[in-house]
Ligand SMILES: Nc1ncnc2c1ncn2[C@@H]1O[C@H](COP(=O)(O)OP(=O)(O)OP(=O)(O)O)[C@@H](O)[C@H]1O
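First, one chain by itself: the form predicted on its own, in structure tokens.
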């Protein structure tokens, strides 16, 4: 087991954002978290990466309890994240944005830089261009490329297809598949449930801060409840009495 999230609880003030979530990610897998807006997907990733603190529970990564480890040390340990909203540095060049992803590295990162440009030829073409002048799809490529510069064992991806045209969505998912094929384990949060389930090996369905289903992704693609809630244009179910209580920062 490369990453194990064990019964984690997270609060935003008095609001319980995560209510005992457990997730397992084996080495070499693509695992996806799907669910409606406010289900707890983004909060789960932020908690794993160290951007949110735990109320209770444990996070075990590569055999080590990282529950109280600062976020920057988690990057050094092998957790990389491309956040929702991309988080690029708009005034810096593409090249310098990529180099920022290697800030925690103590060894030469020229190999990772070459691999990023190989995976994303568009970034190579725009290496001296200000990142903020690029299209949304190009900025998403940059966010993923920058996360890969830290040479992560597990890559956390938060809504990589958000706001992209269908053709670019297909391209981004193909790149994620190639990243995994090259040996990087992926934990993916994605609103496009159908694409995510087609790509992933296993999946978890989150509703209002809880895991309500977990299974091989192919099984969930054929699950009538999942089809009705997430694959037919629906936005998922609310637990009675808890509608509208999603965490303020939780948009995914």
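Positions refer to the first chain, counted from 1. From a predicted model like this one, the values you see are computed outputs, not experimental measurements.
We do not show the form predicted in complex with the named molecule, though everything after this point is about it.
Out of the listed residues 48, 187, 205, 36, 36 is the one that sits within 4.5 Å of the named molecule in the model of the complex by at least one heavy atom. The partner is absent here, but in the model of the complex a heavy atom of 191, alone among 214, 195, 191, 67, sits within 4.5 Å of the named molecule. For the named molecule in the model of the complex, the listed stretch (55-63, 197-205, 36-44, 218-226) containing residues with heavy atoms inside 4.5 Å is 36-44. Shown alone here, residue 84 lies within 4.5 Å of the named molecule in the model of the complex, counting heavy atoms only. Contacts of stretch 1-24 with the named molecule in the model of the complex, defined by any heavy atom lying within 4.5 Å, are made by 12, 17, listed in sequence order.
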